[in-house]
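Here you get one chain, nothing else, as structure tokens; it is the form predicted on its own.
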């Protein structure tokens, strides 16, 4: 798809703006104050698929609930498609549809078609008015053959596709998906990913994905925002993070053991290095902040004339990067690259 200049400008326009969000709780028994979200700010551009990530307890779910209007922030501002979600709450929330984990936006004792008609009816639309759109969604989401099936008899994958179709029927500009591929088999997971691409391309929607499935992030998301301990720890394009980390990570296969002196020097220069010793073939894994540091690594290996059998750039996936960022192992590099 080739975008015109105007379309490119529109896609770079923020449609969701989160500014300085704060949210705290008090524990019931101890009355201890827990700062769940601390000064979180980020934007979501029109027409993009953004990954909103964070480990359990990081403040991600609280942030999601505030964006969807399920929680009120202590302070801060959320704007959706130009509308303040506190001053113009209802109008703002009409701009976003959420598919929460567990398909909680479906009625299991209604059929596929009845679910679509029911939720459209809640928004004041008649069956006649939405009949064509329902048929289009059933066709696009490969649910036509199941339209008269009760939801509780559908597979997990079919339920998830229907939940997304229900969100699509709301005609909201933004769709927030919480764990969209959780519990799906590989084939259905790929099918859901293709549907999400189609939603952005054909229907011009913006998607926010919250997930622990890093393959989904790497495959679908152009950009990711990672929250940890209530704060944003990185906001960058997935490709940039992959490239940044890929340049720095090496696996060195050695034809023997490292001496204590060599390990001491490695600890000083490359404190996060990994070493798997073996009399005949040892494995050394090292992250280099600058490409020139490879020569310093070789100088350490030369001390004992340690034979180097191979040196390979490690294959990196986004899950490894996510774990590094959450643990703070890449904090210095992220600051340097920003």
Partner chain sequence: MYWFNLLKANTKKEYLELKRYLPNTLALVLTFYIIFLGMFFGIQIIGDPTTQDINIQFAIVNYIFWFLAMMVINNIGWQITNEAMRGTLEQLCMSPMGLWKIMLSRLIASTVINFILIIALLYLSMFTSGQWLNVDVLAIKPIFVLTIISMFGLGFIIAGISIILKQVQAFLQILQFILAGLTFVPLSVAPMLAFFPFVKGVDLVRDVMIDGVTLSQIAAVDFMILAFNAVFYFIGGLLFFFFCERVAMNKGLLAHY
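Positions refer to the first chain, counted from 1. Please read these numbers as outputs of a predicted model, since none were measured by experiment.
Omitted from view is the form predicted together with its partner chain, to which the following refers.
Trainee: Pick from 182-190, 114-122, 254-262, 196-204: which stretch has non-hydrogen atoms within 4.5 Å of its partner chain in the predicted complex?
Mentor: Result of the contact check: 114-122.
Trainee: Heavy atoms within 4.5 Å of its partner chain in the predicted complex: does residue 243 have any?
Mentor: Because no heavy atom of residue 243 falls inside 4.5 Å of its partner chain in the predicted complex, the answer is no.
Trainee: Heavy atom to heavy atom, is residue 212 within 4.5 Å of its partner chain in the predicted complex?
Mentor: Although its partner chain is absent here, residue 212 would stay clear of it in the predicted complex, with no heavy atoms inside 4.5 Å.
Trainee: Can you tell me whether residue 97 touches its partner chain? I mean in the predicted complex, with a 4.5 angstroms heavy atom cut-off.
Mentor: Yes.
Trainee: Hey, in the predicted complex, does residue 61 get a heavy atom within 4.5 angstroms of its partner chain?
Mentor: Although its partner chain is absent here, residue 61 would touch it in the predicted complex, with heavy atoms inside 4.5 Å.
Trainee: Looking at 283, 303, 70, 33, which has any heavy atom no more than 4.5 Å from its partner chain in the predicted complex?
Mentor: Spelling it out, the residue with a heavy atom inside the cut-off is 70.
Trainee: Taking its partner chain in the predicted complex as the reference, which of 237, 87, 144, 109 has a non-hydrogen atom within 4.5 Å?
Mentor: By the 4.5 Å criterion, the partner-contacting residue is 109.
Trainee: From first to last in sequence, which residues of 142-163 have any non-hydrogen atom within 4.5 angstroms of its partner chain in the predicted complex?
Mentor: If the 4.5 Å heavy-atom criterion is applied to its partner chain in the predicted complex, 142-163 yields only 150.
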